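Below, in C-alpha cells: the form predicted on its own, a single chain.
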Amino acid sequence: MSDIIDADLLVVGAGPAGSTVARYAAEQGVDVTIIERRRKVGFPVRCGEFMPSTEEITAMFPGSEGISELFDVPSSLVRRNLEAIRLVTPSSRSYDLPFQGYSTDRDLFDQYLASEAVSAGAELITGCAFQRREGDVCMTSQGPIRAKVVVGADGPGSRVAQEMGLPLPKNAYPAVTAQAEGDFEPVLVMFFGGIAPGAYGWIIPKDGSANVGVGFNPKLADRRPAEYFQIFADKHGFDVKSRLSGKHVPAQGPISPIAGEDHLTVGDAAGHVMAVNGGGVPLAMIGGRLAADAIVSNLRDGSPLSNYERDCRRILFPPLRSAARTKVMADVFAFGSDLRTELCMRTLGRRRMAKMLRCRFPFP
C-alpha cells in the first residue's frame, strides 16, 4: 500500500467487534476499510472460546434487535455444545448451574466474521498497524488512510483511543490460555482459588480437547501468568499441546465517553466485558452492530455518533455495571485467601451464583 486510501469508515482491528461494525456498515452502503495488525486474523487465540446461546445472550441483554441474525453462525464453528457451567471452590466443592452455550475455535470464528465483512464489501488489510492520526488522515504501517469516521476495535490498550483522547479501560486482568488434549465432560468448569489469591482457572471442552487457562487480579498475585498456568496445568494433569498465549481482560465495567465527533471505540477498547467471567465476544458483536447503525446515520444525515453510546447505555451498561459491582464485592470479600473464597461461595449458594453469571447483582 503506497498511495493514500480514501474511505468513509476506517475500522482498526478485525476481531468480533471490528468485523461486526464493518459488516453492518458495508451492508448499508458505507465504504469500509479494516486494518488488522496481525498477518492472520484470529491468530494466535487469546481467549476462552466459549459462546453463550442466543437465548442466554438475549436474557442478559434484552432490548437488542437482530440478536438471532447477529449470532447465526455456521454449524461448522460449533466445536461442542455445552449444557452447564460448573463453579468449583478451593476445597473442590462444585455447583453445576444450567447454562446453554457452545465452544468454538476462535481463530476460525474471527476469520468467519471478517469474511462476512469482506463479502459485504469491506476491504481488509492485514499486517497493518494503526500509528497516529493527522487531521483526517490516519497513518498506518502500510501508508496513509483518509477516513470520515475511525473505529477503535483494537483491544483494551487501544492505540486509537489514546490518539483520539478517549479513556482506556482500567483494572485489566492478565489471562493466559492453551489447548489441552483429552476427553472432557460437556460442562464449562471454572475454578476459584487453589492457584493464587484472586486467581481463577477454566476448562472449556471441545471435541477431543479443551481450552484451558487462568486469569488473576495482579493486585493480589505476585507471579507471572505462565507460572500460575503451570500450577493449574500440573494440578489437573492437562496434556497441553499448544503454545501459551495471553491478553489483558478489562474488569472495570463500561467506560465513558466511548464516542467523539468522528471516532468511537467498541469491544474491549470500550470496556465491554463481563467483569464476573471475562466474556466479551457477545458484547463486542452487539456493540459493533449498534456502532454500525450510528455510523451510517452519521454519514447519511449528520446524526451524532454519541447515539451509539446512548444505545450502549440502554442495552449493555445495566448488566455490565451489575457485573462490575459484583466483581468489586468479590475482590473485597472473597479473593483475599482461599478460606474467604470458600466461605463466600458457600454463602452465595447456587441461586445467587447463577445470577452473577448472568450479570445480575446477587443480592437480594
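Start at 1 and count along the sequence shown; that's the residue number. What you see is a predicted model; the values in this text were computed from it and never measured.
We do not show the form predicted in complex with a small molecule, though everything after this point is about it.
Visitor: I need the one stretch from 328-336, 46-54, 295-303, 309-317 whose residues put non-hydrogen atoms within 4.5 angstroms of the small molecule in the predicted bound form.
Guide: Going by heavy atoms within 4.5 Å, the stretch is 46-54.
Visitor: Out of P225, P90, G278, G198, which one falls within 4.5 Å of the small molecule in the predicted bound form, going by heavy atoms?
Guide: If I apply the 4.5 Å criterion carefully, the residue I get is G278.
Visitor: Using a 4.5 Å heavy atom cut-off, which residue among P205, P282, P169, G101 comes into contact with the small molecule in the predicted bound form?
Guide: Here the answer is residue option P282.
Visitor: Since only the chain is shown here, I'm wondering whether L9 would be in contact with the small molecule in the predicted bound form (any heavy atom pair within 4.5 Å).
Guide: Heavy-atom contact with the small molecule at 4.5 Å: absent for L9.
Visitor: Give a yes or no for A22: in the predicted bound form, does one of its heavy atoms lie within 4.5 Å of a heavy atom belonging to the small molecule?
Guide: Contact check for A22: no, nothing within 4.5 Å of the small molecule in the predicted bound form.
Visitor: Heavy atoms within 4.5 Å of the small molecule in the predicted bound form: does R106 have any?
Guide: Close contact exists here: in the predicted bound form, R106 approaches the small molecule to within 4.5 Å, heavy atoms only.
Visitor: Residue-level contact is defined here as any heavy atom of the residue lying within 4.5 Å of the small molecule in the predicted bound form; does V151 satisfy this criterion?
Guide: Outside the cut-off, so no.
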